[in-house]
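The form predicted alone is given below as one chain in structure tokens.
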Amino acid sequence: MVTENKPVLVLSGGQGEANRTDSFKWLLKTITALSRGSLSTECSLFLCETSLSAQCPKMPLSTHSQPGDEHYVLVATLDNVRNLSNILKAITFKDHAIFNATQNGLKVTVEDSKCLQANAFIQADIFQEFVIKEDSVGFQINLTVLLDCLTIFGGSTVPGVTTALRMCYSGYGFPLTLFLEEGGVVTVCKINTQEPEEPIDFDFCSTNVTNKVILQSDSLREAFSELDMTSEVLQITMSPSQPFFRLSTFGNSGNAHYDYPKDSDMMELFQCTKTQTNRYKMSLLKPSTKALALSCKVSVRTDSRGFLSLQYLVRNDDGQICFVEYFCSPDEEVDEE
């Protein structure tokens, strides 16, 4: 009997030593998963094997419509689960996330204290299959639990071996169902969903952008390694004249500045219409370093109110492009002397 909030483990024994070995490996992964307390109340786990495909829910590797798909309002399939899990790690700094799917793809939003918002955009063509039967499908889910399922059951360390994912959602009140297949073993995870809250509208419009630079991510990672991260704030100065683009911290080791000339090789675009200096809480910006670590380019924009947008271009394992964007409200505006 399957209970609503308890994990259920179904071990379907296959034939031969290989199947027994795969089942044992899965059991070890399950024990690891259950040792994380959040899974015990948020997720149900099942296992089936290819040799018993008649008893097993649909195999995730197929990109064709499957029996029972008509019950789902959203179906998304990936040959490599890391193409989703890596991008989600870049915005994981709170437990819960809002998922919103449209014909264009999937948008995942995480917020903190109405001062910080992170959005991950996974375009529809990233998926091998992306079927949505409504204009928009939204739900809220425990992102920590979702990532645990994707990484524990989809985190193969064997070179050349990837885990396939089929993600299905039947609509309001239903769980998000994950089918994870690796080496002929399918793990089914059902994660409880909630009604989504309305995300904060930061009203960050391109028409109100006053300053914008695009940098190679390597240069921003280098800057953060040299600045004093004990500082409570990061001060950003953008100006049509010197210092052009400056990052400043005020930590235990004193004041530190990192300047970028507008004609630097690391600067792909420099568009500044006015001198603007704002400070942002370091505690709010630190989560964005996860996205920075994965990215190859970053766009830094500020609007007339001093709100900050950090947009990261991320390439997945297959070379496809995804975007992660952070919005942060200013801590204070600094008057220029």
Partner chain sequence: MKCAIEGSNVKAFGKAVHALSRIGEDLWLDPLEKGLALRAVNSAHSAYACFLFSPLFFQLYSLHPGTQSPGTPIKCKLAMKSVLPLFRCLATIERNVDRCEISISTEESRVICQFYCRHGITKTHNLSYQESEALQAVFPTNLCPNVLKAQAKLLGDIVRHFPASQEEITLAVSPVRVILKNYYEEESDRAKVMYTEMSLHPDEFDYFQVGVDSHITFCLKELRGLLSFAESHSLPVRVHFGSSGKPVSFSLDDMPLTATVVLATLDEDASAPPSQTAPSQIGPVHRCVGAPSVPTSPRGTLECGGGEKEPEEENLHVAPQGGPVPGEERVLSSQASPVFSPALYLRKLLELPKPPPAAIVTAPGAARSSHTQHGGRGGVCLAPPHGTSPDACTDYADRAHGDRACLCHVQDGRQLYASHPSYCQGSRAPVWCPVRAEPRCQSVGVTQPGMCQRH
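These figures come from a predicted structure and were not determined experimentally. Numbering follows the first chain given and starts at 1.
Although it is not shown, the form predicted in complex with its partner chain is what the next lines describe.
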{"property": "Proximity of residue 255 to its partner chain in the model of the complex, heavy atoms at 4.5 Å", "result": "yes"}
{"property": "Its partner chain contact in the model of the complex: residue 265, any heavy atom under 4.5 Å", "result": "yes"}
{"property": "4.5 Å heavy atom contact, residue 219 to its partner chain in the model of the complex", "result": "yes"}
{"property": "Partner proximity in the model of the complex: residue 261 to its partner chain, non-hydrogen atom cutoff 4.5 Å", "result": "yes"}
{"property": "Listed residue that, although its partner chain is not shown, lies within 4.5 Å of it in the model of the complex (heavy atoms), from 112, 197, 226, 125", "result": "226"}
{"property": "Contact segment among 247-255, 142-150, 92-100, 127-135, judged by heavy atoms lying within 4.5 Å of its partner chain in the model of the complex", "result": "247-255"}
